[in-house]
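In structure tokens, one chain follows: the form predicted on its own.
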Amino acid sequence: MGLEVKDLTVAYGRRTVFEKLSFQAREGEVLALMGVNGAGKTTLLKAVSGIGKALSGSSRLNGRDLFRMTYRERAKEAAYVPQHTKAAMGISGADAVMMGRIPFMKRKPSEKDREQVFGILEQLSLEAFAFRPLDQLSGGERQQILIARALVQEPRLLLLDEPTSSMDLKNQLKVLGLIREVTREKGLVTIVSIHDLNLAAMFCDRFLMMKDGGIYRSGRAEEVLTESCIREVYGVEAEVWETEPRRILLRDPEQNIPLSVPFQ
């Protein structure tokens, strides 16, 4: 089935971020959430998950309304990874990942919980950080620990807010590749807020472009990652190579020189 968001309205005080916003996300696919800073991407991810308060509308995952669930019920269905987080003093990487198992625990971690925690750490090649304090890790290393914590929740809905923004290129490719693999294997609904158009083209199945408090365009790469759409949303010129996956070369609009080099 997947995720169906209908007539979602969110406001901060008197400022409406978006009004009556509706879209769908499918099981087994990664949906890229795109747009300039301030377009409402983080607000939308929080509202969809039930973390942020919506004035009206609904967010249904496989037919169940996330807004009507208890915190514990929702934590078993949806996992949200923020863009930034403070490093708690003294807590280790393994302990941070174990927090993702709290909705399933009774009193203390079971052997199954421990196996899943260290299994995901191994899958992400994070064993070296298992017993290191979070406040001694880099921003990119901490972000990978948070992604591991989300995956160990075994969610049906995975929401990631710029998950690779503080990572080097190798880890960007590793993490996004794993997210796509897990999404397909387990039939998750995954939404990723992302700025890098080429990374999005490589690892995402569908695209939702936001502008001015609404959805400017949504669909597959050939419908959204176009030169005209990039120009209208981001205000920059782009040369789109219509290969599979699409490759995008951004250009300085005044001097017509490349601003980015697409992945080969």
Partner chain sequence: MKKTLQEQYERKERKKQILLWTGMVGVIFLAFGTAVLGASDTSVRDLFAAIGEAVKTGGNPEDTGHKVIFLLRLPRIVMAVFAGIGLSVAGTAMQGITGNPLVSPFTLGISNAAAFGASLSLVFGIGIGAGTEGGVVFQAFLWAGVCTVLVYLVSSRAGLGPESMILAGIGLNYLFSAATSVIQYFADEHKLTAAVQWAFGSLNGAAWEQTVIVAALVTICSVALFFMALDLNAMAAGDDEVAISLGVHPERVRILAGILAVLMTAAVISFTGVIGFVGLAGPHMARLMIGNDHRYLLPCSGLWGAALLLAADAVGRMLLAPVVIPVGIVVSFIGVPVFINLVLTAGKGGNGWDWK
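Bear in mind that the values here come from a model prediction, so they are computed numbers and not experimental data. Residue numbers count along the first chain shown, from 1.
This protein has a second form, the form predicted together with the partner chain, left out of what is shown; the following refers to that one.
(message) Is it true that Leu197, Lys211 and Arg217, all three, sit within 4.5 Å of the partner chain in the model of the complex, judged by heavy atoms?
(response) Looking in the model of the complex, the three residues Leu197, Lys211 and Arg217 all stay beyond 4.5 Å of the partner chain (heavy atoms).
(message) For the interface check, one of 120 to 128, 189 to 197, 162 to 170, 176 to 184 should have non-hydrogen atoms within 4.5 Å of the partner chain in the model of the complex; which one?
(response) Result of the contact check: 120 to 128.
(message) At 4.5 Å between heavy atoms, is Gln136 in contact with the partner chain in the model of the complex?
(response) Flag for Gln136 set to yes.
(request) Would you please decide whether Lys46 lies within 4.5 angstroms of the partner chain in the model of the complex, comparing each non-hydrogen atom pair? (result) The answer is yes: Lys46 has a heavy atom within 4.5 Å of the partner chain.
(message) My question is simply whether Gln143 lines the interface with the partner chain in the model of the complex - judged by any non-hydrogen atom within 4.5 Å.
(response) Although the partner chain is absent here, Gln143 would stay clear of it in the model of the complex, with no heavy atoms inside 4.5 Å.
(request) Answer yes if any heavy atom of Arg149 is within 4.5 Å of a heavy atom of the partner chain in the model of the complex; otherwise answer no. (result) Looking in the model of the complex, residue contacts with the partner chain include Arg149, since a heavy atom lies within 4.5 Å.
(request) Would you give me the residues of 96 to 115 that have any heavy atom within 4.5 Å of the partner chain in the model of the complex, in order from first to last? (result) Heavy-atom contacts to the partner chain in the model of the complex: Met98, Met99, Gly100, Ile102, Pro103, Met105, Lys106, Arg107, Lys108, Pro109, Glu111, Arg114, Glu115.
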